[in-house]
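The chain below stands alone, shown as C-alpha cells; this is the form predicted alone.
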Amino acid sequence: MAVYQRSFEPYAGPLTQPAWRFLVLVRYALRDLFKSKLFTVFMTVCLIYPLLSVFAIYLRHNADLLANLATAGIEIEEWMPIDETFFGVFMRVQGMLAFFLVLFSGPRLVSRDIANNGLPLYLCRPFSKTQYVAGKLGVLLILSSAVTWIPGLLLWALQTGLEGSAWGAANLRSAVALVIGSWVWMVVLGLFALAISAWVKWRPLAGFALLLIFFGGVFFARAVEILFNTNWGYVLDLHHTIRRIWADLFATPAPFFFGRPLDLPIWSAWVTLALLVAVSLYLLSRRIRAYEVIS
C-alpha cells in the first residue's frame, strides 16, 4: 500500500491519569522480576521468618502448651517475651532480607534503560523524570514493604488480638517503629540502588558496589577508629547507621560492634541518611535525561 493511501489516526482510547502513570513502570517491572524462578523462591524465603514469628505468638497463647511448660518448670513469658525486643529483632532480620531483595532487583532497573538508550522513549512522552524515578522506586518499595512493615504490623495486630487492647496500647511504639523504621530504610536503600544503577551500566558491578557500600563501611570506620581513636567513623557505615536508628525507634540497646555497644548520637545517624538521600537524588537528576551530549 502506498504511503499516501495510508490513513493515520491518533489514539482515542482511555488515558491513564498523569498522577498514576508511574504505576505502568511498576507493573511491568514486577512482572519481569517474577518471571525469574530464583527471585520468586527468594521472595518466598523472605516470608519464612514472619511465619516463624506467627508460630511463636501462637505458642505464647496456647493454653495447653503453657500448662505443660509450667508443669515442667519453664516460664515461657521469660523465655519468649513478645515485646519491643521481639519486633526489633524482626526489623533487623527482615531489613537485611529487604537489602538482598534490592540487591537482586535494583541494579538492573535503570541501567538497562540507559544502556539500550531507552530513556528518550520514556521522556519523549507526557512522562516526567520524577514519574520515571517514582516508578522505578515504587518497584523496590513494594517488594520491601512485603517483607518488612506489612508482615510486622500483621504480627503486632495478631499479638494485640490475642493479648488484648491493653497490650496494644502499651506497645503502640513498636507498631510506629515498624512503619517508620521500614520506610526510612526502604527509601534510603531504594534511591541509593537506583543511583548506582543509573551510573553503573554493568549489573554485576552495580551489585558489587551496593554490597561494598553496605558491608565495607565497617572496615573504613574501624580504620578511622584505630588511626584517630574515635568512633565517629561509624557514621559512614550504612549498616551501623540504620541499626542505630532502629534501636532508637524501638527503645532497645544500641547495636554491638566488635563486642561492645556503639552508642553514637542519634542525630548523626539521621544526618548521614539524609545526606545519602540528597546525594542519590542529585546523581539521579544528573543521569536521568532524555538526551546525552557527547563532546
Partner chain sequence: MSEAAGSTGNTLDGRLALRQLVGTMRLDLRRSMLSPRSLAVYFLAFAPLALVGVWALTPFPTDEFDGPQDGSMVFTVLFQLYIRVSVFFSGLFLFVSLYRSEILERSLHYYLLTPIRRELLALGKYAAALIAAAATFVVGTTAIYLTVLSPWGTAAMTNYLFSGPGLANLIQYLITVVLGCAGYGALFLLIGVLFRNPVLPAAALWVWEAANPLLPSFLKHLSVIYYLQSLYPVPLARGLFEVVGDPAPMWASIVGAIVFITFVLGVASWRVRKMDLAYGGE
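These figures come from a predicted structure and were not determined experimentally. Positions refer to the first chain, counted from 1.
The next section is about a form of this same protein that is not shown, the form predicted in complex with the partner chain.
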Would you please decide whether residue 267 lies within 4.5 angstroms of the partner chain in the model of the complex, comparing each non-hydrogen atom pair? no
My question is simply whether residue 212 lines the interface with the partner chain in the model of the complex - judged by any non-hydrogen atom within 4.5 Å. yes
Would residue 220 sit within 4.5 Å of the partner chain in the model of the complex, counting heavy atoms only? yes
Are any of the heavy atoms in residue 183 no more than 4.5 Å from a heavy atom of the partner chain in the model of the complex? no
To test your reading of this chain, name the stretch in 226 to 234, 239 to 247, 27 to 35, 49 to 57 whose heavy atoms come within 4.5 Å of the partner chain in the model of the complex. 226 to 234
Note which of 126, 164, 204, 81 lies within 4.5 Å of the partner chain in the model of the complex, where distance is taken over heavy atoms; exactly one does. 204
Heavy atom within 4.5 Å of the partner chain in the model of the complex: which residues of 266 to 280 meet that condition, in order? none
